[in-house]
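Before any questions on how it binds or moves, here is one chain, the form predicted alone, in structure tokens.
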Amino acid sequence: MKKIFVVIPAYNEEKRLPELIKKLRTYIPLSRMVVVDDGSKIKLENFLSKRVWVARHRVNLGKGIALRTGCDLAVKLGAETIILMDGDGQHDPGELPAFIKKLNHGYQVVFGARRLDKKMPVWRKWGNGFLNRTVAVLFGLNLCDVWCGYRAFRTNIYKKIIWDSSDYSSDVEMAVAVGLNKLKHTEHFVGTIYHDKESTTGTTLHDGLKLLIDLLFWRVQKI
């Protein structure tokens, strides 16, 4: 477990992040957790153990940049495996052993896939389905949930999947890179906790429309 790090980008998650860290301790030592405070109004490190690695952006730069900051730090700290989780408590830490087990079976990347249950907003179900089909047609990558941010990968392929997107598109850009580089990957179905509608995090319809434009741009770039 010494070489496994969890990277968590977070913005204004002082309420949910401490509980997530508490649950994670069952599976990962505090010293193997990297939290990126992406310009929160109140410094998140004030709510966390000093043993957790915290990188802070002075201003909000977006999830994609926060993920890169966290992954870069984890690599410098000697990580051989990185698990990405959102900081809003939607991802269940109890799934970590399953991710690690699949990586140990020879996969380079393991994507989390949310089950389409009644709790998932309808517009997200439709949007995710359309996005999954689009990625399959354009890049030959068949995933059940290409936009799920819960995933794990070996750091020796980090340079092949590194992303430029600063926002939530980074999750899909990373997946596209896995397809283009023909990396060995699989999926693991995970449960998801959906919080109140007032949550400050999560993707929107605008994010989805922007992503479709990004996908076409990435496809043209690779032709």
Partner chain sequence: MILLQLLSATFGLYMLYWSFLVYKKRLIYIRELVFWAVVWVVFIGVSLLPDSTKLVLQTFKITRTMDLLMILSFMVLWLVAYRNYSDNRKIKRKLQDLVRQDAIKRAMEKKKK
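Keep in mind it's a predicted model, so treat the numbers as computed, not measured. Positions refer to the first chain, counted from 1.
Keep in mind that the form predicted together with its partner chain is not shown, yet the notes after this line are about it.
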{"query": "Its partner chain contact in the predicted complex: His188, any heavy atom under 4.5 Å", "finding": "no"}
{"query": "Close approach of Ile161 to its partner chain in the predicted complex, 4.5 Å, heavy atom", "finding": "no"}
{"query": "is_contact(Ser166, its partner chain) in the predicted complex, heavy atom dist at most 4.5 Å", "finding": "yes"}
{"query": "4.5 Å heavy atom contact, Leu73 to its partner chain in the predicted complex", "finding": "yes"}
{"query": "Single option in Ile100, Leu77, Leu138, Cys144 placed near its partner chain in the predicted complex, where near means a heavy atom within 4.5 Å", "finding": "Leu77"}
{"query": "Listed residue (Val178, Val172, Leu48, Leu61) with a non-hydrogen atom within 4.5 angstroms of its partner chain in the predicted complex", "finding": "Leu61"}
{"query": "Stretch 37-74: residues contacting its partner chain in the predicted complex, 4.5 Å heavy atom cut-off", "finding": "Glu45, Lys50, Arg51, Val52, Trp53, Val54, Ala55, Arg56, His57, Arg58, Val59, Leu61, Ile65, Arg68, Thr69, Asp72, Leu73"}
